[in-house]
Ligand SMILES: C[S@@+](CC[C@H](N)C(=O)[O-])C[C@H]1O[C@@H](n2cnc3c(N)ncnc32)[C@H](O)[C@@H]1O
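Just the one chain here, laid out as structure tokens, in the form predicted alone.
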């Protein structure tokens, strides 16, 4: 084996993104409303949870997006959605037995800023009626600059917004046209200015590499434009082309996608440009300014990973509301019905809309911690991990050693400590030590 084999594996492998362990491809219908309700009832009263609300509506359906979303030309469907969300929140509060304390809140989508100012106010009201947000000072919202104005900004500030995540993807008109997302640099600049004028102290930009017609020159221009805004964090995801899962991606011209070698070159260019501009790499696809909380978490080994990507959130429980939303509880995962109509019908019938999930075993928790550390730090102390869980780590260590033997150069394993040579190999290694990967029939995105 040579370094060429490792590069070939990186170019050809298709593996999970490991925003959860096990991946959602292993969820089943064995987890339903009753089991989910029991898990919620077992939450300790003093525990601060993370709360996520999924807003599945968009004015436009960007072709690159694989999220569960649907188009709407007006705000009318959002009115019923919010009332159904209020009903689901009440069902959760009833199962818990109280208004559970919330440490962090995230609104995602879809396009949360599609909500009118009055609907944003209603969102805040329904969440506060069913959860205790009195001590929650971490409220983040995904923002589409094309669906933002002064009134919405003011409503978001009143809602408690502390961190904004701005969708950009790429600023080049040719690339934007190929992905069905048109957004001028001026609109993005106005959004940033409006947020900062209102005292929002943390701004994140979401970008993609590996898009159709994206060249190194075009990506460099996008990066330069983004860096000029000096966002606190930048998420630079590799575009996952999964048209078998997201039908709208069939509109993406596949022959215009960068080949694997070009894709890696784009990632390398971005990394060099961002580091050269003072950003600290975080995990496999995030960057942050040195003083940002995420950069500090990466440095201290306390970085976490969940369905939103990398996070500094330390809560053990994530309660998720809305169609397709996935809750993470100590006992396992519970995912809501994916289709908005099914979610709505179930909630309106007075039942938690849990459609599937996964009950974690002790071995699952051990593997989950190992994979999270690989994905966050590129290193795992198997000995310490085994002590923390009270379980042997021989099987995991053996898998790691086998992977290193088959792909020399990926890292080292000495005295029970795995250390990757480069974070770009994180998904490769995570898949190799994943005990359930051999039996997973899911189709995944490229590892690069």
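This one's a predicted model, so the numbers in the text were calculated from it and none came from an experiment. Positions refer to the first chain, counted from 1.
Separately, the form predicted in complex with the named molecule exists; it is not shown, and the next lines address it.
Although the partner is absent from the chain shown here, 67, 144 and 181 each have a heavy atom within 4.5 Å of the named molecule in the predicted bound form.
Comment: the named molecule is not present in this chain, but in the predicted bound form one of 313, 377, 138, 206 has a heavy atom within 4.5 Å of it, namely 206.
When you look in the predicted bound form, the only residue of 323, 109, 210, 231 with a non-hydrogen atom within 4.5 Å of the named molecule is 109.
Heavy atoms within 4.5 Å of the named molecule in the predicted bound form belong, among the stretches 269-277, 220-228, 109-117, 357-365, to residues of 109-117. The shortest heavy atom separation between residue 169 and the named molecule in the predicted bound form is within 4.5 Å. Shown alone here, residue 303 lies farther than 4.5 Å from the named molecule in the predicted bound form, counting heavy atoms only.
Contact check for residue 84: every heavy atom lies farther than 4.5 Å from the named molecule in the predicted bound form. In the predicted bound form, residue 72 stays away from the named molecule, with no heavy atom inside 4.5 Å. Contacts between stretch 223-249 and the named molecule, counted in the predicted bound form as any heavy atom lying within 4.5 Å, involve 237, 238, 239, 240, 249, listed in sequence order.
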